[in-house]
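Here's a solo chain for you in structure tokens, the form predicted alone.
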Amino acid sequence: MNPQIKQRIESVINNIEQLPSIPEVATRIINMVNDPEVSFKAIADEISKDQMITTNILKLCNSAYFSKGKEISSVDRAIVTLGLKEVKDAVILAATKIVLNKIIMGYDLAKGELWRHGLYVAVLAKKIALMKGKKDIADVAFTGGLIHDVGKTILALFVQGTFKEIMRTVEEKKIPFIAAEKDIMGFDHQEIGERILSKWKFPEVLKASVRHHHQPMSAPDEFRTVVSIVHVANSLCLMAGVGIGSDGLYHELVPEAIELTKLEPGELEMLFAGIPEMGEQAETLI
């Protein structure tokens, strides 16, 4: 481990002002949607307080992915037409794009590739949840998939300077890239991502999806299914070459996660084969 790099990373993550931020409305909407007593009007009023978010949400709600064939011209109409959870998904998309849609140099991801990868994983994770009868967590799987790699936005600069050392560790120790990250720098992008979500005051289930998306069996029991869904979706997208970056070939698909999601081999093949077509929907969100 390089103690100087570890100390520099600690300095960044302990300085909350250096971590990326998102509009506070996103956190409030996530928590409001989880409140069974919340009213449509209260959520619409909250969203409408942020003009930029409102504009972007309406654009997203009229995209091919969300649209149900009816033009949506107001937040109230979006909630009535699409439902609270779909609108919440649009809020998260609008709020996180500014953080994720950038160059991630250390991982060799061009501008937009981390965002594109997150979108594909989000759409696929939601599809898996619905396919396996997990409608109650489909929106959480979508959000977890979207933001699972947010830690890379901070760690990329440090990876850039230690990439050769990380890869040498991968090859010599025969370990996944994520383990080599921690071995060399004292942190991996999952841990940094969890810290970012703590700043955003996101729920524990989303922190778990970010913190354990490469080792889903390490997630708390109550979140292990949704984390496994995100893990499988991420792995399939990497196998398909979506946002693969410099580390994409050095992550493992955990067999226990497949068992937990109850995905059959034929279903995995179907999901993998359908990524290009599914991607057409995801691309409408870019």
Partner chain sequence: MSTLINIGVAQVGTASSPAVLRTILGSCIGVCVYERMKKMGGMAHVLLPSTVQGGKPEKYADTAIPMLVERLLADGCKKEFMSAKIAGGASMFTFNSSVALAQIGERNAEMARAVLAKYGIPIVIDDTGGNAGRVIDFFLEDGRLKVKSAGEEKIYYKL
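Quick caveat: nothing in here was measured; it's all calculated off a predicted structure. Numbering follows the first chain given and starts at 1.
Below, we turn to the form predicted together with its partner chain, even though it does not appear here.
- Listed residues I175, L84, V99, I103 were compared with its partner chain in the predicted bound form; I175 is the one with a heavy atom within 4.5 Å.
- Checking V80, M167, L157, M131 for any heavy atom within 4.5 Å of its partner chain in the predicted bound form turns up a single hit: M167.
- With a 4.5 Å cutoff on heavy atoms, V12 does not count as touching its partner chain in the predicted bound form; it lies far away.
- Its partner chain in the predicted bound form comes within 4.5 Å of no heavy atom belonging to I16.
- Within 4.5 Å of any heavy atom of its partner chain in the predicted bound form lies no heavy atom of A44.
- Under a 4.5 angstroms non-hydrogen atom cutoff, its partner chain in the predicted bound form has H251 among its neighbouring residues.
- Judged by heavy atoms within 4.5 Å of its partner chain in the predicted bound form, the contact stretch among the candidates 47 to 55, 255 to 263, 218 to 226, 32 to 40 is 255 to 263.
- Site residues L238, G241 and E277 are all in contact with its partner chain in the predicted bound form, judged by any heavy atom within 4.5 Å.
- If you take 90 to 121 and check each residue for a heavy atom within 4.5 Å of its partner chain in the predicted bound form, you get just D108.
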